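Below you will find one chain, with nothing else, as C-alpha cells; this is the form predicted on its own, and questions on how it binds or moves follow later.
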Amino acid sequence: MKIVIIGGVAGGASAAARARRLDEKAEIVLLQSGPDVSYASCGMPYFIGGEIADRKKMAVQTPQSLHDRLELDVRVNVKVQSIDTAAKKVSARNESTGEVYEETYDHLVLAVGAAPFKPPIPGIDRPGLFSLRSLQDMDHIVSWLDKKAKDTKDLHCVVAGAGFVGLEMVEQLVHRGAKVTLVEMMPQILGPLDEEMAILLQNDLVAKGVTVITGDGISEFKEAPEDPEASILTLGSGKVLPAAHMTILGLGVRPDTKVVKDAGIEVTPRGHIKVDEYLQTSAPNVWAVGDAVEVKNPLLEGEMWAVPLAGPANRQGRMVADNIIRGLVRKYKGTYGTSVVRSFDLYAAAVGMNEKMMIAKNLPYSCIHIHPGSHAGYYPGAKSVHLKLIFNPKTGDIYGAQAVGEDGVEKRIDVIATAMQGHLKVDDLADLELCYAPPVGSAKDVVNMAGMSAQNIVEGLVSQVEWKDLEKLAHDDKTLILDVRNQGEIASSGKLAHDAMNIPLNDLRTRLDEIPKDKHIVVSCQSGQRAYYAYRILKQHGFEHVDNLGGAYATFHSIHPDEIDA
C-alpha cells in the first residue's frame, strides 16, 4: 500500500506516524511545501518573545529523524501542483531544484492547512509587514525586530487582528520592549468570546500599556517620511496611527485548497474540504484532515463548521490512518472548539458555541455568569474566575462555556468540554465529583457552581434579565433596581444606577415594606450569590415580578464602567 500525504505539520505528520505504526510494509510519502516538517507552530510567538530560547526545539521532528525512526519518505520544499483523482496520482514540483514529477498513490491524505488571509489593502506588500505561518516567517520577524531594536529608540509595532495569534503576539512584543497598537475590525477582540467576557482581556491590555482599537480596519499602508522601512497606517475611520516599525498581519486564515478545488474534490463556498464521518472526501481513496476541512458541529444536528485548531488536526490524522490501514473503524464525532489563550496575566478559554452564534441561529438559550475564586477563599492567592455558561433553559443541554481569569481557567473549561462530549447536562455539572484541596479548588468547585446556577434557572427557582438590558430597564419607571451589597462595597466599587435602591441582604427581611410590590424588581449584588438569596426571599414574601441581574455588578461594570443616570 502506498500512502501519499500532502502537508506535514499537525494532521499530516500524525497520519504518517500512525500509519507506520500500523503497517510496517506501507510506502508512506509525505510532501511538505516548506523546508520544515512537524514543527511547533503554536509556539512561534513565544520564540519571538524570547520565552522559548532554543531555536532547535521549534522543529519537533526533521525529515531525517522521521526517516530514521519511522522510515517515512519525507520530502520538503515540494509543492503539489495538481491532483488527478481518476489516475490516482499527484504532480509535484521540487522548489529547490525545479524538478516536476508525478507520484502515484493508493490513498491520498490532504493536510493542506490554512494560509494567512492577506486582503488587497494598498501597501500591504511594504517592508516590515509579516504574517506568521512558518518557522521562516518566525525567523524573519525575529531578525527584523533585532535590527529595528538597534536602530530605533521607541519601537512601535502594530498587530492587525485580535485573534489567538494576535493576542499572543501583542504580549510577546510588549515583552520585547515595544509599544504596541492592536487593531481589530470587529467590535471586540477575541471573537470566540462574547463581548462581556472579551472586555476583561481588553481592559487588561490597556492597563499593560497597549493601545486597543476595535471596530476599525486598516485601509492603507504608506511609507513613513522619517523611515522608508516604517509604515503609516490609515484606518477605515480616517484615523492615522503613529509610524509602525513592524506590523503583524493576524487577519485570520483561509483554507489553502486551490489545488483541491482544481481537482474537482468537493469544497464548501468558503473553500473548506467536505468530508464524511470517516474523514473521506468526495473523491475515492482521498481523505482530508486539519484546518482545511469542514466538520460536524456536534452541538446542532446537521450543522457543520470549520474550527482551525491543532488538537483536532492531530486526532484527525491518527483517525484517518486507522481508517486507511484497518478499514472504516473510526468515526469523527465533530469538533467542540475547545481553546485557550494567555494574554499577560490572564487566560481566556472557551468551548462550544457563544451567545453570538445562538442569536444568529435563533436558538432558545439562557446564560449564567459567575465570579468565584479559583480556590478556597481562606487559602492565600485565590483569583477570580469569570465563567459564562450557555445552555438550553428547558432541557439543560450545554451549548458552550467561556472563562477568563488568572488561575484555574482552562481546567474548568476542560471539565465542561468533557461533560459536553459525554452529553451531560447542567444538572450533571452540579453533581460532578472533582478534586478539592484548599490550594487548588473549593469543596464546591467553580464548575459545580455553574451547574447549580443553571439548574436553578431550568427548575424555575430564579429568573433573570441580562446585563445588556439593564440600561433600558433603569429608565423604565415601572422597574426598581435593588442593590443588596453593603454600602462600603458600593462606595469602593461604584453604583449600578443613580436611583438604585440599596438594602444590604442581611437587612432585607426587616425592610421588605420599603420595596413596592407593584414594580418590576431587578436584584443585583457584586457577583450574584447574594442577589439569588434576595430573589428567593422576595418571591416567598409575595413579590411577583422579580428578576436577578445576570452576572450581577461584576459583569455589568466590566463593560459599562459608569453608573446609569436614570
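Values in this document were obtained by computation on a predicted structure and should not be read as measured data. All residue numbers refer to positions in the sequence shown, first residue = 1.
One more form of this protein, predicted in complex with a further copy of the same chain, exists but is not displayed; see below.
- Although the partner is absent here, residue 469 is not a contact residue: none of its heavy atoms lies within 4.5 angstroms of a further copy of the same chain in the model of the complex.
- Of the heavy atoms in residue 241, none are within 4.5 Å of a further copy of the same chain in the model of the complex.
- The shortest heavy atom separation between residue 17 and a further copy of the same chain in the model of the complex is within 4.5 Å.
- Using a 4.5 angstroms limit between non-hydrogen atoms, residue 221 is distant from a further copy of the same chain in the model of the complex.
- Only one of 185-193, 139-147, 372-380, 243-251 lies within 4.5 Å of a further copy of the same chain in the model of the complex by heavy atoms, and it is 372-380.
- Taken together, the three residues 118, 273 and 303 all stay farther than 4.5 Å from a further copy of the same chain in the model of the complex, as judged by their closest heavy atom.
- Distance criterion of 4.5 Å from any heavy atom to a further copy of the same chain in the model of the complex singles out 422 from the list 177, 422, 122, 327.
- Distance criterion of 4.5 Å from any heavy atom to a further copy of the same chain in the model of the complex singles out 314 from the list 314, 285, 323, 203.
- The partner is not shown here, and in the model of the complex the stretch 269-307 never reaches within 4.5 angstroms of a further copy of the same chain through any heavy atom.
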